[in-house]
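Form predicted alone, single chain, as structure tokens, below.
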């Protein structure tokens, strides 16, 4: 291949991966919808802030409701950056190159918002600073805050470092982008010229981040699981909650990445870069982590069911055949068993079928967190006496539901902005892999 051919190939790749970087009518309408929706949810939060948590379904017995279910889910989804970039990347899976930035964007968005989710459950959010000022090392809450901040910073750096080369390419190209965005690219590309020394520093830094990301990611969800497991409540008193939560996080994150892949492939016209092979491989990843998660689900209920202590018996009865049975079996069968069976066949790992499966898995993943958080609080050791009916059984309120939706809107806003103003697929890495070796930075 001649230099001119390489240049044309490079120009074609650059055009394909940057043509969406513009402010168009669709983007304005979508961001307007998200902004109005977020303002409505913030109004609901202002009502809670003025009148207290009584406007939510949270009461003396069920002290954790949708907010904590949301928190566990958001922490779970953020782990996908570690699975795709660190685990699959470090073992040498080359096919993940077009997917890494999507996974890292999702990780950054969910990790950034996870901390805000926990604030929604605080009756006095202005005291959040006390966690940092007066936090005790013995407290799992302090551990959780520490690992979330650490994981977010590492994920943000992992998103930024590969963007340095991409921003330098776009800044020096003839791509039609807003002038203010071009100046941002110039500032944050740090005078990158593709020199061997620069590439060596960036590649080594990325590798160090990938290695650090693994323990940080495992810590973030393991510590979250300890918030439950250190109690003696039936349903939470389990020594497997660490790996159980981590495997469940990989399921939710993998499903989220597949959904994002489908959206970007269709809307940004990336069919030549996000191919059927990538959906097939991500379908295999989803099936694999789902099988691991299924094992831990069986373990979670089989062991207490075998011993059947009195409190465990009440809890399992409600889950398997009682008030929560319908939701429980829908989550287990519809969101785990059936998707695994379908994903064993290649025809269901094509873009449209695997998208449908991933949506079902992601919805079930959220309701799984609901089942982890809520039912066990409705079965206290002491009998419930002389309290209103709404103290006995938890029921989310409209205000609580709106506040719960707000973090999802924030995540969509973050993902939209990152994917709209930066290449969704790593430009420099793709150009090198496609053979466009004569990449120009002048």
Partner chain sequence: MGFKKQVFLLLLLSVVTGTRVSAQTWVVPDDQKAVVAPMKFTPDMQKQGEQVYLKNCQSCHGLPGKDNWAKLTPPPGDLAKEKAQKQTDGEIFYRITTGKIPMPEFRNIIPEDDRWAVIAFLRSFNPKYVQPAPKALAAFTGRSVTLEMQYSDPMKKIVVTAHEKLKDNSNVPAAGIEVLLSVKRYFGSLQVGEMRTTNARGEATFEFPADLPGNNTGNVDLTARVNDPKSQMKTTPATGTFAIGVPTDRPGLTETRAWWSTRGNAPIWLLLTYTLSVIIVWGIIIYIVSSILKIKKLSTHG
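Remember, it's a predicted structure, so these values are computed and weren't measured experimentally. Positions refer to the first chain, counted from 1.
The next section is about a form of this same protein that is not shown, the form predicted in complex with its partner chain.
Student: Considering its partner chain in the predicted bound form, which of 258, 365, 154, 83 comes within 4.5 Å of it through any heavy atom?
Tutor: Answer to the contact question: 154.
Student: Work out which of 177, 88, 112, 212 lies within 4.5 Å of its partner chain in the predicted bound form, going by heavy atoms.
Tutor: Residue within 4.5 Å of the partner: 212.
Student: Looking at heavy atoms inside 4.5 Å, which stretch does its partner chain contact in the predicted bound form, given the options 365 to 373, 298 to 306, 197 to 205, 68 to 76?
Tutor: After filtering at 4.5 Å, what remains is 197 to 205.
Student: Between its partner chain and 318, 386 and 389, in the predicted bound form, does every residue show a non-hydrogen atom at 4.5 Å or closer?
Tutor: Contact check passed for all of 318, 386 and 389.
Student: With a 4.5 Å heavy atom cut-off, would you call residue 133 a contact of its partner chain in the predicted bound form?
Tutor: Yes, contact at 4.5 Å.
Student: Give a yes/no on whether residue 341 approaches its partner chain to within 4.5 Å in the predicted bound form, heavy atoms considered.
Tutor: Close contact is absent here: in the predicted bound form, residue 341 is far from its partner chain, nothing within 4.5 Å, heavy atoms only.
Student: How about residue 331: is it within 4.5 Å of its partner chain in the predicted bound form, going by heavy atoms?
Tutor: No, no contact at 4.5 Å.
Student: Mark residue 160 yes when one of its heavy atoms lies within 4.5 Å of a heavy atom of its partner chain in the predicted bound form, and no otherwise.
Tutor: Residue 160: yes, in contact with its partner chain in the predicted bound form.
Student: Listed by sequence position, which residues of 133 to 153 have a non-hydrogen atom within 4.5 angstroms of its partner chain in the predicted bound form?
Tutor: Heavy-atom contacts within 4.5 Å come from 133, 134, 135, 136, 137, 138, 142, 143, 146, 149, 150, 153.
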